[in-house]
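Listed next as structure tokens is one chain, alone, in the form predicted alone.
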């Protein structure tokens, strides 16, 4: 590894040219330099990471940092299984050729260069760097376009995003200085509208509505934090943001993990569960309240495959299962998994919180690309509570009944996971046992 020293600043580079580190030290960029250069080529993330090492490590471990190479995404896009064989499940099974809006968010740099939709294959061939450091930090503005008459968003990326490609890097700090590039404080980087460029996707249905649900809750005062404050939290010890830079308070330093639905710690912060057991006539009744106490959007999140299972089991004092005597609505749908594996809960006593899409031909669950209608929407909105009740036979033996209540998060529906050959571990949010009346 090469080491360069210039003006008292030590920079560890990976094959960097000397010119990388001999730029004059500058702070705020003047307005004339904050323009978009159509001939600019995005820098590789490793160049940014030679100074911003913590940021690069965070980013590389994130789901955002893995796209467009993430295999689950690529398999669903290409409609192939884990072995690469066509399975008819995914975007390319619906539209074998041509462009898609998938590329807009997974390869936004190249799509914006083109100014129109591209196929993911073409965008990758053109050398997209994905959602790179340089892409995000050369964005000048993001405009959310909503038509109140049609109640639809215009989420075409090239209509929403304004870039300022060049040596000016935009970010949330007003006093940033760099020996490598110019800097500019960017208000949009502190606002949720920045994230709306991708996390609000209007197809036939609003297939991704994270921004929409956040905005409504934020405007009502139900949610206080922006997307960045939740998914890019600050903290930790005081430290430099870049090698050779000044030591800053941890409160100024945003992590770049972008933790979300694939992170157990993040998911467990989103919901709280309260349950009680009581007698209701000749039956044993279990009442469960699930509250979206931590997510600024719906619980589970907006992606069409996310789902949460509430599982309820009841046994008598000897451990014998108590028969379920409630309505069929108290049983989980086949989307919870059909079969005999430990993770198949279709028909189990419980409830599902999800928003599965269905195609015009009635197939589901499907992605937003060919969705015709919503099968059901039981997601829990910010600050709201879902109330569910379940009924079992009263125990015939002496002694109190025991009731187990579990809340489990899944980033995709189990039948789809099985067909695609994906590996998915359930995230257990709650697992509690209650003692009921005899």
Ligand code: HEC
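Worth saying up front: this structure is predicted, and the values here are computed from it rather than measured. Residue numbers count along the first chain shown, from 1.
There is also a form predicted together with the ligand; it is not shown, and the following applies to it.
A.B. asks: Please name which of the stretches 196-204, 357-365, 146-154, 310-318 has residues with heavy atoms lying within 4.5 Å of the ligand in the model of the complex.
C.D. replies: Result for this chain: 196-204.
A.B. asks: May I ask you to state whether residue 246 is within 4.5 Å of the ligand in the model of the complex, using heavy atom distances?
C.D. replies: Yes, residue 246 lies within 4.5 Å of the ligand in the model of the complex.
A.B. asks: Can you work out whether residue 353 and the ligand are in contact in the model of the complex, taking contact to mean some heavy atom pair no more than 4.5 Å apart?
C.D. replies: Residue-level check for residue 353: no, no contact with the ligand.
A.B. asks: Check whether residue 408 has any heavy atom within 4.5 Å of a heavy atom of the ligand in the model of the complex, and answer yes or no.
C.D. replies: Residue 408: no, not in contact with the ligand in the model of the complex.
A.B. asks: Considering non-hydrogen atoms and a 4.5 Å limit, does the ligand approach residue 162 in the model of the complex?
C.D. replies: Close contact is absent here: in the model of the complex, residue 162 is far from the ligand, nothing within 4.5 Å, heavy atoms only.
A.B. asks: Ok, 110, 277, 335, 242: which has a heavy atom sitting within 4.5 Å of the ligand in the model of the complex?
C.D. replies: By the 4.5 Å heavy-atom cutoff, the listed residue in contact is 242.
A.B. asks: So, 173, 228 and 252: all three within 4.5 Å of the ligand in the model of the complex by heavy atoms, or not?
C.D. replies: Yes, the whole trio is in contact, each within 4.5 Å by some heavy atom.
A.B. asks: Going through 138-168, which residues have a heavy atom within 4.5 Å of the ligand in the model of the complex? Please give them in sequence order.
C.D. replies: Residues within 4.5 Å: none in this stretch.
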